[in-house]
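Just the one chain here, the form predicted alone, laid out as structure tokens.
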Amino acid sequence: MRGFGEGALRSLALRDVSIDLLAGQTTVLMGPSGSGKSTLLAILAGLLRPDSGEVEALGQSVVHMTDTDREVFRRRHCGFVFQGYNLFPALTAQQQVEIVLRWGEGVGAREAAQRAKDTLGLLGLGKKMHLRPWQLSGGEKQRVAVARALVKKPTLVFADEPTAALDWEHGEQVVELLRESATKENATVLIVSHDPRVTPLADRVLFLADGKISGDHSIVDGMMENLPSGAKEAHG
């Protein structure tokens, strides 16, 4: 459970949410604006504490970690794609991606540079990796953010509206790369999206309404099928 505000002004963003996200699986979380999607993503990613309840990841309680331990956990295991890009104004696209490897992983300069170039190249940014954020379009900045999230091959990937600033050609490319991190790296991928074109590319689609899970579907041959009730049981 998670609420915001105090007293009579307090409102619940999430209530009685229980889900289980699996390694090797891409899950899309959909719902109207204000339904609690971004709040749920932030709680599952350890960026926000719930008022009550438990979040377990990789056999550890994220909720009961110290702030320092939680930061280390995120740095080691998580990749994030934020709606606002969160790019450093003074760094080039390549440097934005390299810094994740140099600072978070302790990777050497030469290897970090090559991995950054390879990942940016997969996203069609090979000719723009020397540019800074103010020289990039919104869609290009979004793809840099995706490259930064995936370059270290994280175990847990959280993407908040990763296709919002993209045309569908690039949006589909981004979702396919996120899926590859699940299928090839056995990562757990959660995508928050309003875009219905994303759903056929997922393994599972959750629907959130009024702070509660209102639907849970697997995707089989591009079609949704209801999951059994047991598939919804989780700590979260």
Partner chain sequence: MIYAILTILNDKKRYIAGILAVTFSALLIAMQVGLLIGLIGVVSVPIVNSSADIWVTFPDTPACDLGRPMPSYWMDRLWANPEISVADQYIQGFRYWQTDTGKNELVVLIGVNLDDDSLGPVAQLSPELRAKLTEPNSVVLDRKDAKRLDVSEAGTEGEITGQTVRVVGFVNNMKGITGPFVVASLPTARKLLMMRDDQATFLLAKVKDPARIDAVVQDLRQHDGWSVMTSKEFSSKSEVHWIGKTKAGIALGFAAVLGLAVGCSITSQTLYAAIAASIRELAVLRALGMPRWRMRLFVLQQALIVGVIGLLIAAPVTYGLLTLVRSLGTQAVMPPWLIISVSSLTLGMALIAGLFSLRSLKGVEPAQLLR
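These figures come from a predicted structure and were not determined experimentally. For clarity, a rigid core is taken as the largest C-alpha set superposing within 1.5 Å between two forms. Numbering follows the first chain given and starts at 1.
The protein also exists as the form predicted together with the partner chain; that form is not presented, and the subsequent description refers to it.
- Contact annotation for the candidate site: 136, 167 and 197 all lie away from the partner chain in the model of the complex (no heavy atom within 4.5 Å).
- You can rule out all but one of 56-64, 35-43, 168-176, 201-209: in the model of the complex, only 35-43 has residues with a heavy atom within 4.5 Å of the partner chain.
- Residue 91 belongs to the set of residues with a heavy atom inside 4.5 Å of the partner chain in the model of the complex.
- The partner chain is not shown here, but in the model of the complex it comes within 4.5 Å of a heavy atom of residue 152.
- Although the partner is absent here, residue 99 sits close enough that one of its heavy atoms falls within 4.5 Å of the partner chain in the model of the complex.
- Put simply, residue 140 is far from the partner chain in the model of the complex: not one heavy atom of it is within 4.5 Å.
- Shown here without the partner chain, the chain has 71, 74, 75, 78, 79, 80, 82, 83, 84, 86, 87, 88, 89, 90, 91 in 65-93 lying with a heavy atom within 4.5 Å of that partner in the model of the complex.
- Put the two forms on the same core and the Cα of residue 165 is off by less than 2 Å between this form and the one not shown.
- In a rigid-core overlay of the protein, residue 75 has its C-alpha displaced by under 2 Å between this form and the one not shown.
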